[in-house]
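Encoded as structure tokens, the following chain is the form predicted on its own, with no partner shown.
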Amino acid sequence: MAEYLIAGNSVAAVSAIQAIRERDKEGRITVISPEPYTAYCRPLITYVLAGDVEEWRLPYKRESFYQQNKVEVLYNVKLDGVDVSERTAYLSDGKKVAFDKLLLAVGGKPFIPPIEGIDGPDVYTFTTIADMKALAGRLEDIKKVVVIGAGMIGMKTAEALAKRDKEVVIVELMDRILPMVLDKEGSSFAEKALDRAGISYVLGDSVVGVGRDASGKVRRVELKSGAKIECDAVVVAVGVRPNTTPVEGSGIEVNKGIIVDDMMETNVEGVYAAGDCAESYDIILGQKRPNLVWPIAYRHGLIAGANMAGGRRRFVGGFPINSIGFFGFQVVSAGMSAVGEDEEASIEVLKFIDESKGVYRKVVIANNRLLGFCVIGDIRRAGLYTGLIWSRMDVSYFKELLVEHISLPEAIYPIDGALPAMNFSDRKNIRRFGWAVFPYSYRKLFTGYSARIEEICAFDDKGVCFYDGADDEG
């Protein structure tokens, strides 16, 4: 009987459990859970803080899920280390667990910048239920909060605090809101939303010190510019980094994250990694990198779990996809969305801006392939743009129309002879065009013939990419 050990208990772990049980009904599965909860939706914790969602709604898997899949969960225990030669995991409670196959799904950890006075009470991160409860428990004593970082966690936390009638000031090192997603023009739409909501923000500056009184309570922060902001609490939301601490000194290869191949296996046979801790292939950059988003973590887990149980699934790559709304502002982005027009000569940036309607559309193109997009206000094209990135379709024929007030089918099938019709007589041309805008009935035609993986990405019924080659499980 195989011994499966999964370190972590979030989305990658859950999908791995499902994939293992599809292939192995009897193997023993043990999950190491650093928190005392079943798998829960981390993005929802800001909604709980705001009072919009009740805490009982956070879990998306109940105890019954683990019972039905015959999974033993060790709650409130962390993975401290791994001995790959002895196939043994060392836990934070001093115990050891043997394994045949190990999945590292230990997630990410908040980055805490080296700020003077940051250690101590009234300073919070915001990625777990424990973080949420710690801050919520102090709200009666808090009047003003400084949020360090204008990324997604920072903006949603700021919105939640504002809904609880707290004064909020956002401080961001970069010169724009959501700096990993928006360029300066896109940020201007977010800034207007903050202005309408009465939220203060400081861009292009950073917190260098946290001032405390004699009792140790936070009273102010000091900025690099010399400015001081009075406050009662600080939320640090400057980003999350892959958690590689449990594998230090183990021989498992690490860069920014735990490096995996296309089967989600590390350099150590039988040891896999998935989710925020993993460094996997990015189809846009053409290299491995951490991709800390839930859809990729889910796919990682499915593929890793299948392969741990003897499958031959392969991860053909991914790219960041994000969607967020705060203070009436809404944006969806993917890939290289924040790149500027003058950042690289080989990149083409097309934009559409309608200030009066609050609509902003931007696409980033290189070698006639869509590499990224950002849509603000009107987000109806987000799915089409994402499909164009996945299919690696040549968009040269209609790229000028991508951001205009015209639907993609109208661009492809011109009306009234305004543009020459596209030639679909050659199957090779059809396949190269991709299936992003075609109905499902066409896909059998496309997938009936072999294709290079960079031209077409086939998905199984669970949304997992797989190769069309001889190594496939079928």
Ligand SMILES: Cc1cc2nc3c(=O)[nH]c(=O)nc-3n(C[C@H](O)[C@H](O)[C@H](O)COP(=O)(O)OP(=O)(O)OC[C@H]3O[C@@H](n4cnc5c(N)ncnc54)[C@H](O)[C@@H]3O)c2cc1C
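Throughout, we count residues from 1 along the sequence that is shown. Model, not experiment: these values are computed from the prediction.
Omitted here: the form predicted together with the named molecule. The next part is about that form.
Visitor: Just one of A105, L370, M155, M264 has a heavy atom within 4.5 angstroms of the named molecule in the model of the complex, so which one?
Guide: So the residue touching the named molecule in the model of the complex, by this definition, is A105.
Visitor: Sort through 145 to 153, 198 to 206, 353 to 361, 94 to 102 and report the only stretch with a non-hydrogen atom within 4.5 Å of the named molecule in the model of the complex.
Guide: Selected range: 145 to 153.
Visitor: In the model of the complex, is there a heavy atom of the named molecule that lies within 4.5 Å of any heavy atom of I321, even though the partner is absent here?
Guide: Yes, I321 sits close enough to the named molecule in the model of the complex that at least one of its heavy atoms falls within 4.5 Å.
Visitor: Would I20 show up as a contact with the named molecule in the model of the complex if we use heavy atoms at 4.5 Å?
Guide: Output for I20 is no: heavy atoms all beyond 4.5 Å of the named molecule.
Visitor: Just to confirm, P43 within 4.5 Å of the named molecule in the model of the complex by heavy atoms?
Guide: Residue-level check for P43: yes, a contact with the named molecule.
Visitor: Hey, in the model of the complex, does V260 get a heavy atom within 4.5 angstroms of the named molecule?
Guide: Outside the cut-off, so no.
Visitor: Whether G8, A274 and A297 jointly form a contact site for the named molecule in the model of the complex is the question; each needs a heavy atom within 4.5 Å.
Guide: Yes: each residue has a heavy atom within 4.5 Å of the partner.
Visitor: Within 224 to 252, which residues come within 4.5 Å of the named molecule in the model of the complex, counting heavy atoms only?
Guide: If the 4.5 Å heavy-atom criterion is applied to the named molecule in the model of the complex, 224 to 252 yields N243, P246.
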